[in-house]
Each structure stands twice: as C-alpha cells, then as structure tokens.
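A single chain comes next, written as structure tokens; it is the form predicted on its own.
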Amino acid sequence: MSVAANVTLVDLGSVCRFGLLSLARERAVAERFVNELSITTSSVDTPVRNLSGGNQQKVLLAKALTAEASLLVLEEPTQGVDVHAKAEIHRIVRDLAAQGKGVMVISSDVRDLLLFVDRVIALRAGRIVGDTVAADTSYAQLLDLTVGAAGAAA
C-alpha cells in the first residue's frame, strides 16, 4: 500500500466523508506526517515497500500518531536503519515523550537505548534485574545486568 494509505488506515473516519474515502484528506494527513517526520519519499502515493528501512519505520510511527495513541511500544525501532535515520528516529521518540506520550522501547541494542531513553528496565531470563536512570548508567553496567556478568561473580 502507499504511504498515504498506510498512514491513514488506522483512522479512516478522519479521511472519509459520508462513508466515502476522501483522497484529498488522505493525502493531506499523509503529507503532514511526511513533513513532520522527515519521511523521504517522492510522493505519498509511493508504496511503502519502495522506501528505505528508516523511512518505513517512520511510516509506522506516523501510523501510530494518526491513531493518536497515548502509549507507543516500539520493538527494535532502529534495527537495520542507517545512521541518519537512526538519529531521526531518536529525535522523533524524544519529541513524542516531550509531548507527554508514553514510549516504551524494546531493544537488544544497549548502546542505542542509552542514547535516547530516560529509564532502562533490564531483563534477564524473563525477570527484571535492574531499573535504572539511563543517564546514570553505562553500557558496561547494563551489559553486566542483562548478561549476568556481575551476578555470575557472586
């Protein structure tokens, strides 16, 4: 499906009138998110499968924003994207949190997490082994928590 169709699919009521899809409204909503999230595409009519991985991720974020979700759960949001797209996704997530949205990021990339989250809850074998403020935690400390190196020595 196109960028426009993907972005508006979760809230068809906002782009329909008298039960009919308004392509002009659909385009307007999609273009707003293309601009806000810096989605690189030649047109909102471009199929999402033709976009880069980072831009596909941003379309998913636009879809969640269209649904006016108050909590977003993002699993590996920066996996497989280039450095520029990763920085953009970090910016978007921080902006969402600043707007009061709850954002939970699930990631195996500890270094990446430390760049853009406020708090880290570390899990090992399905159990919480740490709850820490990201700014006060180092990569090595989180690695010790998740892998169990600190606990293995005890």
Partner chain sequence: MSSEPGTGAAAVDERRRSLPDRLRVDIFAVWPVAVMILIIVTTALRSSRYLTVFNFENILSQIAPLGIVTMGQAVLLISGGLDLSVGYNIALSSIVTGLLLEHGYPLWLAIAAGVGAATGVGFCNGVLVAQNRAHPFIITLGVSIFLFGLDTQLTGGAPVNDMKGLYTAFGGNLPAGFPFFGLPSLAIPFVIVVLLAFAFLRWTPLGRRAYAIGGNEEAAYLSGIPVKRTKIYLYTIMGAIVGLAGMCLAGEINEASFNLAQNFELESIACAVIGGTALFGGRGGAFRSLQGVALWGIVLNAIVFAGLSSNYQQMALGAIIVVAVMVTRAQR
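Positions refer to the first chain, counted from 1. Keep in mind that this is a model prediction, so the values were computed, not measured.
A second form of this protein, the form predicted in complex with the partner chain, is not displayed here; the remarks below concern that form.
K.L.:
Any chance all of Ser108, Arg111 and Thr146 sit within 4.5 Å of the partner chain in the predicted bound form, going by non-hydrogen atoms?
P.N.:
Result no, not one residue of the spot touches the partner chain.
K.L.:
Does any heavy atom of His90 come within 4.5 Å of a heavy atom of the partner chain in the predicted bound form?
P.N.:
Outside the cut-off, so no.
K.L.:
Although the partner isn't part of this model, could you tell me whether Lys101 comes within 4.5 Å of the partner chain in the predicted bound form, counting any heavy atom of the residue?
P.N.:
No, no contact at 4.5 Å.
K.L.:
If you check in the predicted bound form, is Arg49 within 4.5 Å of the partner chain, heavy atoms only?
P.N.:
Arg49 belongs to the contact set for the partner chain.
K.L.:
Test of understanding: in the predicted bound form, would Leu21 fall inside 4.5 Å of the partner chain by heavy atoms?
P.N.:
So Leu21 counts as contacting the partner chain.
K.L.:
Which among 54-62, 92-100, 28-36, 119-127 is in contact with the partner chain in the predicted bound form, heavy atoms within 4.5 angstroms?
P.N.:
Residues of 54-62 come within 4.5 Å of the partner.
K.L.:
Sequence order please: the residues of 1-39 with a heavy atom within 4.5 Å of the partner chain in the predicted bound form.
P.N.:
Met1, Ala5, Asn6, Thr8, Leu9, Val10, Leu12, Cys16, Gly19, Leu20, Leu21, Leu23, Glu26, in sequence order.
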